[in-house]
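Have a look below at one chain only, the form predicted alone, in structure tokens format.
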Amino acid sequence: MSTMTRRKFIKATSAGATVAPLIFSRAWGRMSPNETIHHAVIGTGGQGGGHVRKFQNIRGCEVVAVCDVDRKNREKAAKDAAANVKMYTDFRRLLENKAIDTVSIATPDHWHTPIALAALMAGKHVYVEKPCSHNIYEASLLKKAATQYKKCVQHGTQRRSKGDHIEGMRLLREGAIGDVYVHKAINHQLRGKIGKAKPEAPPEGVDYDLWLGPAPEVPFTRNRWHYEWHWFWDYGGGDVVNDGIHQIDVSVWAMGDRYPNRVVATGGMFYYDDDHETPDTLMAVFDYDDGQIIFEQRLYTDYKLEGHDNGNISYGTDGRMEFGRDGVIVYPNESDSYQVKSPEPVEGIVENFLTAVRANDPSLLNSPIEKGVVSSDLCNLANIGYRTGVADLRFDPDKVEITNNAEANALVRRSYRKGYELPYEG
């Protein structure tokens, strides 16, 4: 358990803090064609399709391969990529392609770490969508493998690559709102009900067995398919790891990327009465020696709370700081406020990943996997507290173990279907 206090964190980060590297005039300005990074996107649905377009449109990067178990998805993605793009159904075949330098992973959550581990072992740099893992044990392996194989692994929590957020964190460290003891992470939105779906044959052109991968074999239903898989424990972890992780990550960042002493979580299925397994309402408190992170999730609200649907509030002795869709705003008091602006342009999360890859230097990453692991773990701990009803969870990140409850600790890792075991065990 980390013993770093908020004051020690302020001192350490203020002394060594740096602004994210710039893109416009340095890393990419003098590139020659033979320096092109050859990229592949694995998982080309809504988020992955965005990856294809984003990576392809960055100078010095070419999307040369796409992979998806759904033929329609990969064919659509291929049209957005380079003319000679290769299409794959099985990511394992893609990783055999030695011409590929980097991969981004935008599959369902239960495939994030298994694919990322295989990619690192194949010598690729990795951009992995949030959450980096389906469970806590996987996250620990991914962090270890990134170090062992000396590759860049960027976690898809992009707020760490926003200039106003970087500047806001600097101001927090310098005491702009005094001593800060509570950070609130808010996930409020309306997510509709999904109803109840009957088993049916998988769509034509879909390798459903490969889609299931390490998860138990069950019949196909439409509610286990595109996007709705988020609401089933075998593939996702509900909205705390889907959307709430962005807000939790900002609060974790503000707390110095530390693990709490204990986690208390509660929630329920109050709004949904359908195939959802994950809750519509979840509250979690992450207790530290010197403060708290409070997470609030409500998926039945089409209105804002404290001015936010999804966002963060840091409460200090001399005011509050808010991080949200309107940017970063400081309120020294109720009658005064000012907008935080970045003093200079900052490269986005994808550009930052490619800059680090080009330098072969993971220390340049804005959202390195070791920080992504902390935020992913806290999300998974909140889910474990909800699922077991165990209050006061105590987690030891060095042992990768919940130390005070065997039932809860059993959810730190999962079982893997035969033929889909993890490729790496540390």
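Quick caveat, the model's predicted, so the values are computed rather than measured. Residue numbers run from 1 along the displayed sequence.
What comes next is about the form predicted together with a small molecule, which is not displayed.
J.: Of 160, 112, 124, 183, which residue is found within 4.5 angstroms of the small molecule in the predicted complex when only non-hydrogen atoms are counted?
T.: When the small molecule is considered in the predicted complex, the option within 4.5 Å is 112.
J.: Please tell me which of 67, 61, 381, 357 lies within 4.5 Å of the small molecule in the predicted complex, judged by heavy atoms.
T.: Contact check passes for 67.
J.: Which of these stretches, 387 to 395, 369 to 377, 53 to 61, 38 to 46, has heavy atoms within 4.5 Å of the small molecule in the predicted complex?
T.: Heavy-atom contact with the partner occurs in 38 to 46.
J.: Within 4.5 Å of the small molecule in the predicted complex, do 231, 244 and 311 each have at least one heavy atom?
T.: Not a single residue of the candidate spot has a heavy atom within 4.5 Å of the small molecule in the predicted complex.
J.: Can you check whether residue 283 is within 4.5 Å of the small molecule in the predicted complex, heavy atom basis?
T.: Taking the distances in the predicted complex, the answer for residue 283 is no, it never comes within 4.5 Å of the small molecule.
J.: Closest heavy atom of residue 102 to the small molecule in the predicted complex, within 4.5 Å or not?
T.: So residue 102 does not count as contacting the small molecule.
J.: Answer for residue 226 alone: is it within 4.5 Å of the small molecule in the predicted complex, judged on heavy atom distances?
T.: Heavy-atom contact with the small molecule at 4.5 Å: present for residue 226.
J.: Is residue 211 close to the small molecule in the predicted complex, meaning a heavy atom pair under 4.5 Å apart or at it?
T.: Output for residue 211 is yes: heavy atoms within 4.5 Å of the small molecule.
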